[in-house]
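Presented below, as structure tokens, is a lone chain in the form predicted alone.
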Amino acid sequence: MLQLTRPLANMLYRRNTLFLLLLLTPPLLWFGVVYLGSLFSLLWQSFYTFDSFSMSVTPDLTLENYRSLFDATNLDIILRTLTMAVSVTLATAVIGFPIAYYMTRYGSHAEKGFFYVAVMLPMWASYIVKTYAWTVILSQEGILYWLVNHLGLLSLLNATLAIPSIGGNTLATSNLGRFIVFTYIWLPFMILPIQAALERVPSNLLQASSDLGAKPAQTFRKILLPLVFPGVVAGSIFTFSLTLGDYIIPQLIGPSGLFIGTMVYTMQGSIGNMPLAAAFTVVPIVLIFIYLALAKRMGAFDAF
């Protein structure tokens, strides 16, 4: 056996191109056949025709599914999902930046370890279990209502829930509650890229800015934020795309009203309209491609 492997190893050592080809062929086949193959199959089916009378799909190609995306009802679903994705992305950036900054600049070695575990701990639990837990937390008998009531803020919360398109009967059945859960679930995906970007900023650069007379706000706006911004954009790629495609949280938290993910589930699972479900699936793909193009222009990938 050794007599056979040594000549083979010597040959691969001399022919780097062949060695690289053998090394990359399995993952490229997996990526090309399984991932891209299924993706193109999905895109192709978005041009099929759904016969609502016989509830069957025929391979007659049409653009009707894409045209129906611009109907008032479907366009409302797309805009509702897009608004939530943008809101969650902004909220996670605002909440995640101070946490990442403290971890990087002020945390001792032990505190950094604690924060890393604290940030990643929710990711070790089941996604569905966390979402169900939030349905209890946000209910009127939950801990959040108990805390708000003891702080004397219940009237303020009820006034907030009375705002159309934000509120609802309770937090558990409101868009505000849905937004809170989305922000909680995807927050770690924002903190970690920002923290990685902050680690690359030299401390003496901030000290030099202070020595030259810049105020903390000026140092943040003109030095720190431009250097860390690629990390913020990198984190936003995760929070934006994950919110766009999620369908479990919109089903369990918040008022009735479909999101893109729940619409795909309904069309494909309940109605059997696979072409329209596939057309809806193209929407987040297009949005994320546009977002990635903008992120690349802003240097987001340099943060990795």
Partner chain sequence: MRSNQAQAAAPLWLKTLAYGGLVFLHFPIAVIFLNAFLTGEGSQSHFTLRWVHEALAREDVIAAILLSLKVATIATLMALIMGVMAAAALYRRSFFGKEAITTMLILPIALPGIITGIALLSAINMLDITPGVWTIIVSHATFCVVMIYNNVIARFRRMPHSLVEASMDLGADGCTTFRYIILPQLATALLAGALLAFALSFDELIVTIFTAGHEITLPIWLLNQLSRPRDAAITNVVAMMVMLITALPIIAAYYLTRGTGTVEGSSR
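Residue numbers count along the first chain shown, from 1. Here the structure is a predicted model, which is why all the values come from computation and not from measurement. Throughout, rigid core stands for the largest set of C-alpha atoms superposing within 1.5 Å between the two forms.
Just so it is clear, the following notes concern the form predicted in complex with the partner chain, a form of the same protein that is not shown.
*Asks:* Determine whether any heavy atom of Y35 comes within 4.5 Å of a heavy atom of the partner chain in the predicted complex, and answer yes or no.
*Replies:* Contact with the partner chain, yes.
*Asks:* With the partner left out here, check for me: in the predicted complex, does some heavy atom of L154 sit within 4.5 Å of the partner chain?
*Replies:* Heavy-atom contact with the partner chain at 4.5 Å: absent for L154.
*Asks:* Tell me, yes or no, whether L258 is in contact with the partner chain in the predicted complex, where a contact means a heavy atom of each within 4.5 Å.
*Replies:* No, L258 sits far enough from the partner chain in the predicted complex that none of its heavy atoms falls within 4.5 Å.
*Asks:* Using a 4.5 angstroms cut-off on non-hydrogen atoms, would I288 count as touching the partner chain in the predicted complex?
*Replies:* Yes.
*Asks:* May I ask you to choose, among L187, L176, L224, I77, the residue with a heavy atom within 4.5 Å of the partner chain in the predicted complex?
*Replies:* Going through each option in turn, the one that passes is L187.
*Asks:* Quick one: in the predicted complex, does every one of Y66, M84 and N158 get a heavy atom within 4.5 Å of the partner chain?
*Replies:* None of them does, since no heavy atom lies within 4.5 Å of the partner.
*Asks:* So which of 69-77, 165-173, 225-233, 202-210 is the stretch with heavy atoms within 4.5 Å of the partner chain in the predicted complex?
*Replies:* Checking each option against the 4.5 Å cut-off leaves 202-210.
*Asks:* Which residues from 40-67 come close to the partner chain in the predicted complex, meaning a heavy atom within 4.5 Å?
*Replies:* Going through 40-67 in order - heavy atoms within 4.5 Å of the partner chain in the predicted complex - the hits are S41, L42, W44, Q45, Y48.
*Asks:* Honestly, after the rigid core fit, is L23 moving at least 2 Å at Cα between this form and the one not shown?
*Replies:* It does, since the L23 C-alpha is displaced 2 Å or more between this form and the one not shown after the core fit.
*Asks:* Please check if G32 moves between this form and the one not shown, taking a CA shift of 2 Å or more relative to the superposed core as movement.
*Replies:* Where the cores coincide, G32 still shows a C-alpha shift between this form and the one not shown that is 2 Å or more.
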